[in-house]
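Shown here is one chain on its own, the form predicted alone, set out as structure tokens.
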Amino acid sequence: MDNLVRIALLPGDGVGPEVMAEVLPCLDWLQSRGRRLEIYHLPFGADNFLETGETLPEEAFEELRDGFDAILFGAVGDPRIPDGRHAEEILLRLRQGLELTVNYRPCRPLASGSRPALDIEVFRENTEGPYCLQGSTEPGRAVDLAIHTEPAVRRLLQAAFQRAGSRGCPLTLAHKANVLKHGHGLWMRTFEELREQNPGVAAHGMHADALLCALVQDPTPFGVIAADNYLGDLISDLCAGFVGGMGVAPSISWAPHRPYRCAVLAEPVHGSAPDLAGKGLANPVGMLLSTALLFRHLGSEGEAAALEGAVSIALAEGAKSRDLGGTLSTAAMGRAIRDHLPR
């Protein structure tokens, strides 16, 4: 707990800077509780790209990789760059370059009275699948290549088995191995191997389409859900709908084998929402809960729980941003939450 932690802030585009602004007092609060932090603001995003032509220069990436302990990320995406190449290069470079294989997305009630039995955690592989952006377009024909490698699949599934075991809850693997026999066949083989090694975990595979149907009908029986990059994205976004939508959904990604100093990145699930930017309409809850996940990852469990508790109390008392049916601005919502942090 006495070691200095260097955190890089990448607010990014759209509403990213607005929700990131609500994190800064929480970082100050963490320092007031005895955690030593060094905070650095980095400019990479659409404005920087349009001004310099740079997305994430190699020198900057190497500094992030070797000189920082963690990254807090806002959002990227800007209509001034229609092909989104700056966003792809920044975010994918961080996920793949830092080997952040495990993307963790919890889905649980934020306030009393909202599905109290629901407690789903999605473990999404974060570096491969069709999101590797390898493919081609020809007249009348387009190809998106999906890549799955045994090391990445194994790391993700090991993390999911470990979490399901510690919680004592079921583990479900979402797959389409009945059709995607090669890529998802690798997932199934690795899953079966790890299931034999973890007899105490109630684990089973489920076709993704059937899983989505079951979630809509009744999500409460599910505990940990593991999936590849594409399916994990869809499943976790559906689960966000159970607890208030994309504005409240947090995530954190890490490299369980920790190949570099910087092996963790926390970010809200929502995008940059450029149509909302600058209007104070963005919900900061997803960003604040992602920050709580980072606190926990860094070993500040008490502060993580306190921040999560502050969100729950504020919501239970009626604090709501526009997307939740309320009237509070981004800044007012952030203040309402921070008012419940212990002093």
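Numbering starts at 1 and runs along the sequence shown. None of the values given here were measured: they were computed from a predicted structure.
Not on display, but discussed next: the form predicted together with a small molecule.
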| item | value |
| --- | --- |
| Listed residue (Ile252, Leu91, Cys107, Leu215) with a non-hydrogen atom within 4.5 angstroms of the small molecule in the predicted bound form | Leu91 |
| Listed residue that, although the small molecule is not shown, lies within 4.5 Å of it in the predicted bound form (heavy atoms), from Ala273, Ala203, Ala152, Cys262 | Ala273 |
| Interface stretch in the predicted bound form with the small molecule - options 135-143, 72-80, 176-184, 217-225, non-hydrogen atom within 4.5 Å | 72-80 |
| Touches the small molecule in the predicted bound form: Val269 (any heavy atom, 4.5 Å) | yes |
